[in-house]
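Starting off, we have a lone chain in the form predicted alone, written out as structure tokens.
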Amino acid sequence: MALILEAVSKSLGGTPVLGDISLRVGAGTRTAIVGSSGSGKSTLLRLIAGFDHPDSGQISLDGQTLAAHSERMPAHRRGIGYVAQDGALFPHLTVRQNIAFGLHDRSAKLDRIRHVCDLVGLDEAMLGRFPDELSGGQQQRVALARALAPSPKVILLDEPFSALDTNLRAQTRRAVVQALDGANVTTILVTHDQDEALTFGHQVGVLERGRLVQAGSPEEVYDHPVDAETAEFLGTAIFVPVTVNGEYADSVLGRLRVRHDESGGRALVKAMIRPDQLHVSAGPDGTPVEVGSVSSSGAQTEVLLRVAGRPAPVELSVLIPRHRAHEFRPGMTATIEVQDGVVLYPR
């Protein structure tokens, strides 16, 4: 069975926060909700957890109503675990006591603690420590272990990796994904980090100003955003004016294959291209471009390109592997090709 939200809305202090949210989260799957600050992400989790009640709409789990107009199941009866951004561990309790907090069967406590520690990759030698003796990544694993210990049907993660540095964030996220899959628990993560959402979820939902504008697989929402604003939000997007010609579009970058058309038949149209679709070379095939600058960026090299266009040239930034940097020098003419087709939007 699934977690289902149907036309859920919520206002706080008379200000609309969420409007008409409908979403289905399959059992045992991971869904990431991505949105900027103030988009309503945390409010959405609070409604699912039972900390707040929707003004309208319905939330159900496994066919049982959690919240509706006149129904409200208490948070402690929903079988939903919640992991806050800072972990919210009890500072006066040891790791063992934190994990055991929601367990009531004393005879099974030790086995369950060991099991969830194994799931989240937490060394049992840490069980006697206090939270302030742990690193940020270890604290988040303890918080997840505590949420998993009562065997919830659903886990809610409220930006749990945002306080960690880049390397630790990726490492902790991988460990959390492995633990969640091992527990076969339905999960919703909210985040403002687009890359995190796209790598975490089986499903990604995009929340903009309190409305769920798109939901689908990571590949679908990244490759086929519903509008230009969503395209830019989900990652670097290059927009060029085009003239539509059937299944193709003509532009300063040459003739482009149209993969999706979201322009609504408008006369003025622009094409969205992801940087990874651009292939630049020193060979003869492709649209001629002038190399403006070449600068190293660790394992990659950034090449700034200038394409002749009206009323002004179009500038593009392309990343290439560092070992190819010797192929390009400022002022030379290179060529560029757009691969995999483009998505059209109104200009």
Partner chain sequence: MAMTPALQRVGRAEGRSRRPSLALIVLGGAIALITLVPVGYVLSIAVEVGGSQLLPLVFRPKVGELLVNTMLLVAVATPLCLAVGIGAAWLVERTDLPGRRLWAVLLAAPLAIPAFVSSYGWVSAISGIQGLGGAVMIAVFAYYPLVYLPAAAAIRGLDPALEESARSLGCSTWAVFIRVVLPQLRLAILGGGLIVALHLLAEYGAFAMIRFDTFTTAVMVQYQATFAGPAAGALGAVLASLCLVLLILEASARGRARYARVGSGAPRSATLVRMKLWNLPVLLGLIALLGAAAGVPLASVARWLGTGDTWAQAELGSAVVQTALLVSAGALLTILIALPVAWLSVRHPSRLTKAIEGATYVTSSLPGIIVALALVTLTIRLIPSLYQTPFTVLLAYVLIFIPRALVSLRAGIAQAPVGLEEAARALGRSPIQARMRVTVPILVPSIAAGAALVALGAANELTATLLLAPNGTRTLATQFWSASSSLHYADAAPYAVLLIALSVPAVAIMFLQSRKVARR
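Residue numbers count along the first chain shown, from 1. Bear in mind the structure is a predicted one, so any value in this text is a computation, not a measurement.
One more form of this protein should be noted, the form predicted together with its partner chain, which is absent from this view; the next part is about it.
Trainee: Report whether all of Gly50, Gly102 and Arg211 sit within 4.5 Å of its partner chain in the predicted bound form, measuring from non-hydrogen atoms.
Mentor: Yes, all three are in contact.
Trainee: Any chance Pro16 has a heavy atom within 4.5 Å of its partner chain in the predicted bound form?
Mentor: Close contact exists here: in the predicted bound form, Pro16 approaches its partner chain to within 4.5 Å, heavy atoms only.
Trainee: Please check if Ser70 has a heavy atom lying within 4.5 Å of any heavy atom of its partner chain in the predicted bound form.
Mentor: So Ser70 does not count as contacting its partner chain.
Trainee: Residue-level question: is Asp261 within 4.5 Å of its partner chain in the predicted bound form, judged on heavy atoms?
Mentor: No - in the predicted bound form, heavy atoms of Asp261 and its partner chain never come within 4.5 Å of each other.
Trainee: Flag Ser42 as yes or no: does it have a non-hydrogen atom within 4.5 angstroms of any non-hydrogen atom of its partner chain in the predicted bound form?
Mentor: Contact with its partner chain, yes.
Trainee: In the predicted bound form, which of the listed residues (Leu253, Ala197, Ala147, Ala249) lies with a heavy atom within 4.5 Å of its partner chain?
Mentor: The residue from Leu253, Ala197, Ala147, Ala249 that makes the contact is Ala147.
Trainee: Which one of Gly81, Gly201, Gly205, Pro225 is close to its partner chain in the predicted bound form, taking close to mean a heavy atom within 4.5 Å?
Mentor: Residue within 4.5 Å of the partner: Gly81.
Trainee: Report the stretch among 241 to 249, 81 to 89, 163 to 171, 133 to 141 that approaches its partner chain in the predicted bound form to within 4.5 Å, counting heavy atoms only.
Mentor: Partner-contacting stretch among the options: 81 to 89.
Trainee: For 316 to 339: residues with a non-hydrogen atom within 4.5 angstroms of its partner chain in the predicted bound form?
Mentor: Nothing in this stretch is in contact.
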